[in-house]
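Have a look below at one chain only, the form predicted alone, in structure tokens format.
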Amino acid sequence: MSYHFEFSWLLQYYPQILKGILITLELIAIGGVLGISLGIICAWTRALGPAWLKPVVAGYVELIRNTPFLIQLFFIFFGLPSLGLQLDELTAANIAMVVNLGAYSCEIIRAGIQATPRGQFEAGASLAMTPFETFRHVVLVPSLQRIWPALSSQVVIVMLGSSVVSQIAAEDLTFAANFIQSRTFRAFEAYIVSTAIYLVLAILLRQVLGILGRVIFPGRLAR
């Protein structure tokens, strides 16, 4: 049996593909910035925060890291309305990505904090800094520098994992591919194109994060 590839539909459906790419980029931009911010807060809490708050954050991290992202997404989109909180598809997808990345980045950042020499904490205390000031001015940047490659990889993984948001009708790139194959019945071609776009996005995102790391941590270039 022979199969003839047909990509003539690309011109007809490029608006849907472009919209899907833009929404995917929006998801990773919002999810990346807010998710890493949440991860920093949680990492500080687990490593240096109040004792009463540590179990709460640990419970959140373990819950998210040991349950499927799709179930988390369904809980937010389908479950919260039962409590009276109705969210649109993109808002639910953004919240799910922030919560998910926050938990994973928390553990990555915490590893960087725990690798910080004790002398840096003592130096901060000798300058009459509060624990939070020591964390912000002395510990945080070296910790992020230490774990930036791992954190960048996690952001890329979350971007690729965002493909499941199409399950709640968020119009990302996978939603566009599903829409196209349902109209053209060219599933093979539709998913080849979407796979190639995801590959390009992942490579570009990794490059952008690498450049960002060199800008934020210029000292790495000297090593």
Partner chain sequence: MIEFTTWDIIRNLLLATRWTVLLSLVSFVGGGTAGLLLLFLRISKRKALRGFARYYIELFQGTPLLMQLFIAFFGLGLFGIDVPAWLAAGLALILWTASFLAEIWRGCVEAVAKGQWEASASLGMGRFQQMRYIILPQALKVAIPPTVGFSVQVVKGTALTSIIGFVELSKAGTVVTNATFQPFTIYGLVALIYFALCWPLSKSSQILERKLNVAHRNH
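As the structure is a computational prediction, the values presented were derived from the model and not from experiment. Residue numbers count along the first chain shown, from 1.
We do not show the form predicted in complex with its partner chain, though everything after this point is about it.
Undergrad: Heavy atom within 4.5 Å of its partner chain in the model of the complex: which of Val57, Ala47, Leu34, Val164?
TA: Going through each option in turn, the one that passes is Val164.
Undergrad: With its partner chain left out of view, choose which of Ala115, Ile71, Val141, Leu127 has a non-hydrogen atom within 4.5 angstroms of it in the model of the complex.
TA: Among Ala115, Ile71, Val141, Leu127, a heavy atom within 4.5 Å of its partner chain in the model of the complex occurs only for Ile71.
Undergrad: When the contact criterion is heavy atoms within 4.5 Å, does Leu160 count as touching its partner chain in the model of the complex?
TA: The answer is yes: Leu160 has a heavy atom within 4.5 Å of its partner chain.
Undergrad: Even though the partner isn't displayed, in the model of the complex is Gly79 close enough to its partner chain, meaning a heavy atom within 4.5 Å?
TA: Result yes; Gly79 sits at the interface with its partner chain in the model of the complex.
Undergrad: Under a 4.5 Å heavy atom criterion, is Thr184 part of the interface with its partner chain in the model of the complex?
TA: So Thr184 does not count as contacting its partner chain.
Undergrad: May I ask you to check whether Leu63 falls inside a 4.5 Å heavy atom distance of its partner chain in the model of the complex?
TA: Contact check for Leu63: yes, within 4.5 Å of its partner chain in the model of the complex.
Undergrad: Taking its partner chain in the model of the complex, which residues of 195-210 have any heavy atom within 4.5 Å of it?
TA: Thr195, Tyr198, Leu199, Ala202, Ile203, Arg206, in sequence order.
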